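Below you'll find only one chain, the form predicted on its own, shown as structure tokens.
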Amino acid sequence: MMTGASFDYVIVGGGLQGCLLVHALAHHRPDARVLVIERAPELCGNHTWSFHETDVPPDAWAWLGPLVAFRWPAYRVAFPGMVRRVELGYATVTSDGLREATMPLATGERRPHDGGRCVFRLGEACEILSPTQVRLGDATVFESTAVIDCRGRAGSPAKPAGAGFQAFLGCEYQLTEPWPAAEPTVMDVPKDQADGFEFLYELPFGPHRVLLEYTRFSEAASCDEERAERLISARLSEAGVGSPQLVRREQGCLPMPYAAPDVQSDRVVAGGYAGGWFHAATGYSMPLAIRFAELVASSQPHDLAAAVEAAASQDAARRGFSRFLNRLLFCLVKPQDRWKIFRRFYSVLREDRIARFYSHRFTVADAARIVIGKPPTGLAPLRFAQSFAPLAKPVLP
């Protein structure tokens, strides 16, 4: 066994949560010694992360602002029989942009002081031995004041009990003709719903570049790629943009749990999906990932576990309500009628309530407004009752 250097923070996982944490630490603790371990050959993967500007705590804009690739003043939702422009600022961070902004931190080019040190170990396997130790694949052991697990869903079962899924396929295009819309369409819901709630997600990255993403909420941990490509092609034809060039493709699947998460007993601080720092009812990662990064960077390393546990405890009721909404969606409403839940959401909620819901800061009154009222058709009460039966396996966040 070899012993490596000692660090103030060891971040295991160089995806969204890990990289946001690096930037928050560089801003709040520029003298901290930080080690980032990522098993993939590069940081950040291949993703697009969007969020409402109201999701961001005011203090976080200082380090988050430079990471934002695109911003819009509002967005649109379109359901059968209803279209709404939601006047909330919307923004996007891309994998390429986040990676390009994060790697220079290792050289000190963008650190406010020279005392700090950030080291990246890419393409290496890692085992967390304790809250203060990690071991790389070459048997090197690193000591740290705080080890932070940001590996997302690594090691989680493909189909955890008590969860639905949000599966998506996105295609980014370079266009020869201008895209007809300047603002995003977060949900464009077709009339003919397939197996679960499905919609197109549209992000115009300028007049001649657009991301079109097919998303489906269902019991299956994958989406119908043939149907996704058909709906995307239909939207391109409708837009009249000629022969677009596909420049990037992304695909993924997020769990939407409705059972209580498994309780960690090793006391290793965990962020992102590993620690439940995501919005269970929307799949949005950014709001709680930003909040977690701010929490870690503003806490003393020795007190980090207690600070994170206290913050999670304060948010427990909201996490529970988000899981309850998933239970309603997947266990009470028939798949072909699930879109009506979301149409009602955008029909009855004011924009301040929408903002608080997505930022995971909703109130009791907001929660009541979401669930109290005339329910949609297509309910399955027996299935909903059966969903409360004890599950065979614990559910991971």
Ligand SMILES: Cc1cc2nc3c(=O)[nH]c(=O)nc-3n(C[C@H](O)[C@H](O)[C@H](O)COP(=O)(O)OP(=O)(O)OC[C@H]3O[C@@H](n4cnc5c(N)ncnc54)[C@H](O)[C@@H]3O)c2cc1C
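Note that residue numbering follows the sequence shown and begins at 1. Computed from a predicted structure; not experimentally measured.
FYI, the form predicted in complex with the named molecule isn't displayed, but the following is about it.
Between the named molecule and the residues 326, 193, 185, 285, the one pair within 4.5 Å by heavy atoms in the predicted complex involves 285. Contact check for residue 105: no non-hydrogen atom falls within 4.5 Å of the named molecule in the predicted complex. Although the partner is absent here, residue 125 is a contact residue: one of its heavy atoms lies within 4.5 angstroms of the named molecule in the predicted complex. Taking the partner from elsewhere, residue 258 is found to have every heavy atom lying beyond 4.5 Å of the named molecule in the predicted complex. Proximity of residue 292 to the named molecule in the predicted complex falls outside the 4.5 Å heavy atom cutoff. Remark: of stretches 364 to 372, 24 to 32, 48 to 56, 336 to 344, the one touching the named molecule in the predicted complex is 48 to 56 (heavy atom within 4.5 Å).
Residues are counted as partner-facing when one of their heavy atoms sits within 4.5 Å of the named molecule in the predicted complex; in 205 to 228 only 213 qualifies.
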